[in-house]
Each structure stands twice: as structure tokens, then as C-alpha cells.
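The chain below stands alone and is given as C-alpha cells, in the form predicted alone.
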Amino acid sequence: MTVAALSLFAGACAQAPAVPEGADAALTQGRDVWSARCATCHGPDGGGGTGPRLNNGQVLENFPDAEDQTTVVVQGRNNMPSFSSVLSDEEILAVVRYSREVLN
């Protein structure tokens, strides 16, 4: 198996960071949306891939205002597709919160 194939396999097996114990249900929903819709490009832990890195403070640096990040998720930008027809408003807000509160 090549190194690239091993890397893809390892990435596919990795899981999104856990939601802190006692966190509200929106963060759990955000983790589930992240795992299903975002991790493929941004990496399970937000470390990047075909999409930019969003963990370790990067999402807050790129989007100091959560509304700006939400707009990108809704409308898409560059190679990122719009998720307005795929995710509900509730799911979008949950995944934005998850990326800001858990991945960082």
C-alpha cells in the first residue's frame, strides 16, 4: 500500500474531536454535521486537506465574526460548495459553533 493510500485510510478512520461532557445538544449536532459534511475536505480534526485548516485557532483567525463564517457555509466560496440546500439553518449554526468551540 502506498503512503498516500495509507494517509487516506488513516484520515478516513480518524474521528472528529469529542464534544465536552455536559455540552448542549447543538454541539453534538455540529459534530455530526462536521463528520458527515466537512471532515472530508477539512479533515476529521479540522487539520485541513483539500479544504483549509480550521483547527488550532485558525477558524477564529479567518472568521473573527461567526456571521462571516456562516455566510461562507451558506453561500460557498472558491472551491467550497454552498450548503444552503443541503443543511438546515439549525445544522449550519451548529456546525459553525462546533468548529469555533470544539476544534479550537
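The numbering used is simple: start at 1 and walk along the sequence shown. Just so it is clear, the model here is predicted, and its values are computed rather than measured.
Not pictured, yet referred to below: the form predicted together with a small molecule.
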- Query: Taking heavy atoms and a 4.5 Å cut-off, does residue 26 contact the small molecule in the predicted complex?
  - Reply: no
- Query: Does at least one non-hydrogen atom of residue 69 fall within 4.5 angstroms of the small molecule in the predicted complex?
  - Reply: yes
- Heavy atom to heavy atom, is residue 56 within 4.5 Å of the small molecule in the predicted complex? no
- Query: Contact between residue 81 and the small molecule in the predicted complex at 4.5 Å, heavy atoms?
  - Reply: yes
